[in-house]
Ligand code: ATR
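Presented as structure tokens, the chain that follows is alone, the form predicted on its own.
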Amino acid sequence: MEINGRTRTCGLIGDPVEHTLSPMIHNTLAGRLGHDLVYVPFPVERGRVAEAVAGAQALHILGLNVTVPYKSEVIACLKEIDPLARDIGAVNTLVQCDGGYKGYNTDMEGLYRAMQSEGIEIAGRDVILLGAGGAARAVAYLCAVKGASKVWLLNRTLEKAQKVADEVNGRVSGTVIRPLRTEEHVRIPEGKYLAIQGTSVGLAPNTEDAVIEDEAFYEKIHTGFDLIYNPWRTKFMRLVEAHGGRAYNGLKMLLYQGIIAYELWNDTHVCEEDALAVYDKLKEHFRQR
């Protein structure tokens, strides 16, 4: 593409940002949709996120994605915030508004679209969720608002799991989220569950790690969804498959959360054909590594 004085800029702020795949998503979309837009990563040092947001506004940056460790910290820098992002307590997308930026969280809806694309249902299902960090908290909220029957929330520290359960249950006026220590997974009733792996355990280079190693645990899982996409097949996924379940990684979640941000910035709709073209490009990136 030709970059000129009319080219609009979007980007990513975080620390680190060197290995992000977001430029591949957004620059590919811009090319396919004919938008005069370029997307670049911006490394932001700790303690300087407010300066970064103010600088982006001064430079008329069209929109920003926000990654770790600033998804909560950036909220104080916003002119407006979407109710969903406020409820989740984390923002990953900034969209220009009058006098600043409005914050959104596209992670939750991105995960939901990814699941829908694989035929995975949440409504009426019993779910096991591993982890109680920022990503898992968004997943817990997603499961609650999309109608999951029960969500067994497993975390190393019960206090953190209880806090997430209290927050989410309070917002949906029910007791959907059931917190347990990770080692208490044996208390989950017999049955077949959708399991979502929401921790960083298993990330490359620690590809032989899993939150739960107990083989009996995986007998309860009919479908496993790991938010990690590097490696392509985590140990969690391999264990699910070894016990007859279906397993998916988090690459489509990354894709769709990015697509939703792109749609917000450009007031457009990305069709499934374009989404899958970007997904094929992301998969090719991993095949070549």
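In case it trips you up, residue 1 is the first one in the sequence shown, and so on. Quick caveat, the model's predicted, so the values are computed rather than measured.
Quick note: we don't show the form predicted together with this ligand, though the next part is all about it.
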| said: Can you tell me if residue 103 lies within 4.5 angstroms of this ligand in the predicted bound form, counting non-hydrogen atoms only? | reply: no
| message | Against this ligand in the predicted bound form, would residue 127 count as a contact residue? Criterion: heavy atoms within 4.5 Å. | response | no
| query | So, in the predicted bound form, is residue 156 in contact with this ligand at a 4.5 angstroms heavy atom limit? | reply | yes
| said: Test of understanding: in the predicted bound form, would residue 160 fall inside 4.5 Å of this ligand by heavy atoms? | reply: yes
| message | Just to be sure I understand the contacts: of 211, 120, 95, 145, which is the one whose heavy atoms reach within 4.5 angstroms of this ligand in the predicted bound form? | response | 211
| Though this ligand is not shown, can you say which of 132, 195, 168, 111 has a heavy atom within 4.5 Å of it in the predicted bound form? | 132
| said: Based on heavy atom distances of 4.5 Å or less, which listed stretch (82-90, 103-111, 199-207, 185-193) is in contact with this ligand in the predicted bound form? | reply: 199-207
